[in-house]
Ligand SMILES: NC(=O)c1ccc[n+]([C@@H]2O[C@H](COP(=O)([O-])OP(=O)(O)OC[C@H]3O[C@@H](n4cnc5c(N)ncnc54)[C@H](OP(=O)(O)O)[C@@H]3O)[C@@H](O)[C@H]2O)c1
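Quick heads-up: it's one chain on its own, the form predicted on its own, in structure tokens.
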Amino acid sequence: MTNVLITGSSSGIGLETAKVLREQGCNVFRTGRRHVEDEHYLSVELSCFEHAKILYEKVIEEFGNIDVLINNAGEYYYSPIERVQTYDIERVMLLNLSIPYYLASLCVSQMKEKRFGRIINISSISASVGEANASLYAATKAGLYGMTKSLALELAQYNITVNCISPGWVETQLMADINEEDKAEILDVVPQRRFIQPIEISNLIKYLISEEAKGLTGQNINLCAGLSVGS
């Protein structure tokens, strides 16, 4: 049975993915900031390497090993650059880039031993399409793709694939909090004139961790309703 760790899975994309993969028969360990009722869940703030290590050790204690790592936890940060504080830079860089890299480093040894592994990094369309006032966020998400390409090359001989998904605007709770006028403005620049649904990302993840996708590695997939190609 495939053992999966999904960070940032108390809601939204992570929660939907947990449901989809459990339906496929995977053992799924979830984590997030919120307290939820789930046998395989740890409420933890991934704000330091120590917390990430605690999470990793908890999953190993329960499952024995991790076959699939899905780095989904992250923070959207929006601010003019001159207002960004040093603690903002440290926090967003840590959660969006450093912790995913560290978790991958912890999981890789066992994946190499088994000669099987899947690492999926959830980036953002902001990594490849400019977004004013979101430069810090975009920088961290672009870093995830750079990490993806290099790790894919490093780990290919061990049957470990590493891929990146870059969603556009996704219909999550964040979108529910936006007023209708602002939503209309957003949709105006999305070619398909719609928001991506979490299940679309979850189904792509399901494919990427499957045996059928074993030849797909080091890639960044823009799942964005056409936003990456223009309006």
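Computed from a prediction, not measured in an experiment: that's the story for all the values here. Numbers for residues come from their place in the sequence shown, where the first is 1.
What comes next is about the form predicted together with this ligand, which is not displayed.
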Given that this ligand is not shown alongside this chain, does residue 119 nevertheless sit within 4.5 Å of it in the predicted bound form, heavy atom to heavy atom? no
Given that this ligand is not shown alongside this chain, does residue 72 nevertheless sit within 4.5 Å of it in the predicted bound form, heavy atom to heavy atom? yes
4.5 Å heavy atom contact, residue 160 and this ligand in the predicted bound form: no
Is residue 10 a contact residue for this ligand in the predicted bound form, using a 4.5 Å heavy atom cut-off? yes
The chain here is shown without this ligand. Which stretch in 27-35, 202-210, 185-193, 62-70 comes within 4.5 angstroms of it in the predicted bound form, by heavy atom distance? 27-35
Please state whether all three residues 168, 172 and 175 have a non-hydrogen atom within 4.5 angstroms of this ligand in the predicted bound form. yes
Between the options 50, 181, 57, 45, which residue brings a heavy atom to within 4.5 Å of this ligand in the predicted bound form? 45
Of the residues spanning 103-142, the ones with some heavy atom within 4.5 Å of this ligand in the predicted bound form are 122, 123, 124, 137, 141
